[in-house]
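Alright, two takes on the same chain below, each alone as structure tokens: structure 1 and structure 2.
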Structure 1
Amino acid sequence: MADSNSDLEIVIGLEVHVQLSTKSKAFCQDEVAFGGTPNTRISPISLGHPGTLPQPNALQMEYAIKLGLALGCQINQKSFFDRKNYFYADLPKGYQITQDNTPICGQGIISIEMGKEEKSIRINRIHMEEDAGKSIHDQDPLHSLIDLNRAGTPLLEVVTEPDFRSAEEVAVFLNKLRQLVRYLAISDGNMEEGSMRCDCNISIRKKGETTYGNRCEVKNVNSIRNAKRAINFEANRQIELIQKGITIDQETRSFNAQTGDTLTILRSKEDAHDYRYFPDPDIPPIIISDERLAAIKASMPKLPQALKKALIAKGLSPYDAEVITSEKALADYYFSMLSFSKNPKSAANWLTNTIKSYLNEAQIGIEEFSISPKTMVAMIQLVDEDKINKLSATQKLFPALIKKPEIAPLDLATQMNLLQANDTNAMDEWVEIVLAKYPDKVDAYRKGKKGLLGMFIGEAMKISKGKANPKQLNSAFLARLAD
């Protein structure tokens, strides 16, 4: 890690590849899915067979524009696909279809929260492209194996300006980007499955300088944690060299997740590929009409920032609003609860406390949570209507409901004998039993030790096996002891 007292600063720019969750590939009808038996999601088009031509996927353009709008980018209503030419075993056509000079989304800006500070990150561009297949080098001693299932999968490449100054800022940005793509439902954002991959351009310069140092591009970073590790390792490596008076060579390096270090894979500009970009003559210019752009804008879901504001306006605490909007699935669950509930605050309380703790403990996401929003609201209503007390609800009914989510909460509470006894006869009986059991304490209370009231209520609760309504007990004791 760079010493915060040092007069050097780290400068980082990112290129993030986002794999889109379209049903079919970017330029043909093959299914897009993670994994699968190698070479089963392929066709003459994705194999680059002679005579085949690309059929652009309109959804890729729509998704690109949605992300562009979310990142405040200018949308280019006319753009082109280009060919990036290079030979590789897992690149079937010998070129990748991408966008070079005319990305579909131009410059944008997005703010990230670093503690209480807000920081702006400028987006340079977002362009559309297709993924390559996979080369597998470790399964056969003599051969490299090729799996082309991934070949042609639609990608967006988000390129930022070199606006990051620490690994932490990068982590916050990547989290935010992941949150956005999930909200937009354009990608699952799973870095470990390769749905988001990140190349980090890292350089070092003296604080206050306006030009950049020579940068190294670190490829192959597949998690937010690894992005931090890679950046810190690479920054330290460069700082050490600079402090020894050695100039940094511009090069491409690969991050090794096992060792946490980076290794040179391509030295200097001279060795760099000349990709011979030129406009793909097989695909006419991409024209986005005003109408189509307006329709896409209209179809944009509420994004987390706007959603958070709306929740605070409903009376939620900023903390609850933040927790609920942190993940789209949580927010979806919350809004689904609201369609059955008239009490947004208690729904939020339950979601951010009881449900969230359970999810954390069980290490599952809300998607795998067994209780439906409707059932959950029915259970919360039992508490809100004093039919069951909060303690029994969280400790007994909620765990039972998780196992039997198909049973109505009221029925389950009845079966479990958890319903509060609200009739005064029973109440009076419990009060009398307690008062009879502790005559000394009754004396003490009457002499002024009012704090004993809590103990009486507690005892009565025990006797009632939790069915008594504590509020009613409270008033019953007060009335009886005032005699």
Structure 2
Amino acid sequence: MADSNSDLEIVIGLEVHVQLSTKSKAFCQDEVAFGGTPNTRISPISLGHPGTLPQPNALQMEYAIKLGLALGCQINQKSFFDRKNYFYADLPKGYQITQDNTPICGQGIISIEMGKEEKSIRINRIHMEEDAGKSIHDQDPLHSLIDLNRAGTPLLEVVTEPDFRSAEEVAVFLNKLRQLVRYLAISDGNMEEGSMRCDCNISIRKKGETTYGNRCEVKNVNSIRNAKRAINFEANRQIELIQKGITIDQETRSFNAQTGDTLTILRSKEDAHDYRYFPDPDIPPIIISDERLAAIKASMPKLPQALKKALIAKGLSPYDAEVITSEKALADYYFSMLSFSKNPKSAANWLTNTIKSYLNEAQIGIEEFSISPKTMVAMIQLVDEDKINKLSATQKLFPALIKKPEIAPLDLATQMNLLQANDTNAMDEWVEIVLAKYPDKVDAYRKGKKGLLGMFIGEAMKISKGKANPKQLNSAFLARLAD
């Protein structure tokens, strides 16, 4: 990582491949799914047999437009598929169907938050393409194996301008992009399963310069953590070479997750002409009508930034709004709660604290949470209406509801004898028992140790077996101790 006091700066651009959540591949009906027996989700088209004709996946086009709209991109209503020619053992046709000069989405922009500051990252383009297969090098000592199940899987490639200046900025961007594709329901964004992969173009230049240094491209980084590691290692490697007076060669490198190193895999001056792009003769132009574009725009969900602003407007803290909108399923659960609740802050507190803590402990998502939003709100209302105290609700009723979500919270609280006692006679009796038990503490309180009030209330709660109303106890003790 470049020293902030150094006269050198890191310049980073990204190419992020997003695997789409379609049922079939980009140009044929083969199934798309993670895992499975190798070479079983294939056909003559995905294998590139002579005479086969590709047919574009309409859903890939729709998903590309949705992501383009979310990133503020220009939507090109006429675009073309091209052939990108290069040899890989796991690329059956010997070329990849992609988009070159006429991508479906043009320039856009996305803002990332770095602490209290916002930074704009320019999007150069988003284009549609197909994935290659997978080479497997660790299952045979003499041979590489090929699994073509992934060949032809629909991808979107998001290409940024070289606007990043640190690995931390890249991590924030990748998190935000993953959040967006999940909100749009176009990809699960699981980098560990290959649903998002990142190529990092890294170069070094003197601060204040406008020209770029020779870049090295680190290919196929498969996690946000590894992206940060790869960028920091590669930046430090280049800085050390520059400081020794050695010229950086433009090259393609791979990242070794075990060692944290980047390694040269291809030394080249690779540019577009090396790929011999030309329009795919088998696929007609992709034409997006005004009506189709309008329909896709109308189907767009509310995105996290807009939802976050709406929640803050309802009185939530920026932190709570950030937590709630971090995942679409969590936001959906919260807004469902609001349809039954008149107290947005109370619902947010329970979701961001008690529910989130349980989900983390159980290692499940909100989709697997057994208590419905309606039932959860009914339980919260028992607390808000002083029918049950917060401690009993959190430690007793909430765990019981998880096991018996079909029972109404009021009925379950009644069965468990958790409803608060608001009988003033009983309250006075509990106060007297505590004061009689601790005469020395009473004397200390009256001499100025006001912090003892909490101890008195805690003792009364024990005597009442959690049924006392803490607010009423507080008032009763204050009145009695003032005598």
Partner chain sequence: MKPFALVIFFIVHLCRFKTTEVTLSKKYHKLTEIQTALQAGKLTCVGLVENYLENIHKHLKLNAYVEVFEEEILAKAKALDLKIQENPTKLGKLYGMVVSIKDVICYKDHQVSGAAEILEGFTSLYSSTAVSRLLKEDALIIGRVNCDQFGMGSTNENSVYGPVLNPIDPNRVPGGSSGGSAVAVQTDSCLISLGTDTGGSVRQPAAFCGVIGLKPTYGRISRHGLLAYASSFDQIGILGKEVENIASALEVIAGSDEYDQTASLEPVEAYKEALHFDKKVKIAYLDAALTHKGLDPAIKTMTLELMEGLKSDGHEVEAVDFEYLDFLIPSYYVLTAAEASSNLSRYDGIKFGKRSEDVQSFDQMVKKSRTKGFSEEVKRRIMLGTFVLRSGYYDAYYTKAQKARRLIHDKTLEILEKFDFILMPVSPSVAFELGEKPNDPVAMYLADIYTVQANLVGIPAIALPLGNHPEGLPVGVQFMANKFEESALLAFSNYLIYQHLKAKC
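Take the two forms, superpose them, and find the largest set of C-alpha atoms that agree within 1.5 Å; that set is the rigid core. All residue numbers here follow the sequence of structure 1, with the first residue given the number 1. Keep in mind it's a predicted model, so treat the numbers as computed, not measured.
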Mark the structure, either 1 or 2, that is the form predicted on its own. 2
So, superposing on the core, is the move of residue 21 at the CA at least 2 angstroms between the two structures? no
Is the shift of residue 108 between the two structures large enough to count as movement, that is, does its C-alpha move by 2 Å or more after the core is superposed? no
After fitting the rigid core, is the C-alpha of residue 341 off by 2 Å or more between the two structures? yes
Between the two structures, C-alpha offset at residue 444 (rigid core aligned, Å): 9.2
Keeping the rigid core fixed, work out how far the Cα of residue 143 travels between the two structures, to one decimal in Å. 2.9
